[in-house]
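Starting off, we have a lone chain in the form predicted alone, written out as structure tokens.
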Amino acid sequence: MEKLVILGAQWGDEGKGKIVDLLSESFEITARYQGGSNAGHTVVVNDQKFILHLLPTGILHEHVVGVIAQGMVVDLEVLEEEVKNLEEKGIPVKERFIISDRVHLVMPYHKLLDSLFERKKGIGTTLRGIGPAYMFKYGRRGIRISDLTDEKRFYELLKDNLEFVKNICEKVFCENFSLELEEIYEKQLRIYEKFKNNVGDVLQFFMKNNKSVLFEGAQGTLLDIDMGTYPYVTSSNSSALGLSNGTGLPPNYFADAYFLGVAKAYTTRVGEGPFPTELKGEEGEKLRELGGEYGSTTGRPRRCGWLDLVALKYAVQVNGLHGFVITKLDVLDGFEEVKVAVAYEYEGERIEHFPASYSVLTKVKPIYKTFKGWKRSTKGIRNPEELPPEAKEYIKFIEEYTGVPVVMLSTGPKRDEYLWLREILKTRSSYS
């Protein structure tokens, strides 16, 4: 397989980091194409935990070249810290990644605006400046990393933006503004100097080589700016829709790619927004504690609920998924019964599609199908034959409902806690 696209099929936090880390061993390039440091991809290697916010997760393999493509927004301070942390842990990355010269930068004033906007109307953002950075991009006020090659131009752009934000702070929010032009200017140039040899034309990079590529999505389909639960979404196309505009590659480049969705065996969501299958009582607490459901970027407790197959089938349709990885199956081991939503009820009518309307989504009631729990440990199982019959029945129903095969199960956070149900590629490569 030459091209693999791995996408979150829920509201993010599906366990993509581990799956990308595992499968990227068989690829030469891994690329991220949207989002920014609001992503938190967690991988456990030899009992050591790595949380990556900007670099593609596949870069943990020393043969892999990482790509930060143009659809991302990059906080140079976070990048500097992330590279430093990895190299201190014995993983050399500085010479193994390329940043698109077209990426937009996340600046300190974006984080300031993020906090002010969140205070005014809480969406549940990570407060990392991602939304405002995309706002500036589409408002044609953004600063791209290539702008830093012209220090005079960069200074003028920065000065203009600081004056703009100062007016918003003081005249709209009646807040003091204390950001210093010279300090930001010098710091950004200092970090840029460190990474300027990593900056390049990503389109030409892809066009000039025929190496195998894994494209790593961040967040999840239901957080997509267009197809997600708007306005409680991220600020980029976190579904497959972001691939072409996020990389600069034409749509037909991905015609022969395999699209793999990652979903938990239940559902979680961080922050505000509609969540039809949310469990607010004891069962929800049990899922949270057994699953360790706390955000890797923010530490916030995640809202938990049963698997929503209406939403999952919608993710299949939006992304054109060929297969699923189901993660955290082991979290359901202790339940007497396990439920999945197969439809919604709205004002006395049955709905079998995922509605666009925020008002409808907040009022629907899930219609559940109940399965008998397996009450046996699935943690670390490597052989499909060892799965409890009830767990097999659960997986089979997911496949039948969505029309997509489950190709892999993850049964724990460690690299080796997984099993193939249908192998789509070799997990061991000549690079390991």
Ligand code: IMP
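Just count from 1 along the sequence shown to find any residue number. Predicted, not measured: the structure shown is a model, and the values here were computed from it.
Keep in mind the form predicted in complex with the ligand is missing from the figure; the text below concerns it.
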query	finding
Partner-proximal stretch of 129-137, 244-252, 326-334, 169-177 relative to the ligand in the model of the complex, 4.5 angstroms, heavy atom	129-137
Contact test, all of G12, Q219 and V233, partner the ligand in the model of the complex, heavy atom 4.5 Å	yes
Contact residue in the model of the complex, chosen from P108, P274, G271, G305 - any heavy atom within 4.5 Å of the ligand	G271
The ligand: the contacting residue among A391, L55, A69, A39 in the model of the complex [heavy atom, 4.5 Å]	A39
Partner proximity in the model of the complex: L223 to the ligand, non-hydrogen atom cutoff 4.5 Å	yes
Any non-hydrogen atom of N198 within 4.5 angstroms of the ligand in the model of the complex	no
Heavy atom of K187 within 4.5 Å of the ligand in the model of the complex	no
R300 within 4.5 Å of the ligand in the model of the complex, heavy atoms	yes
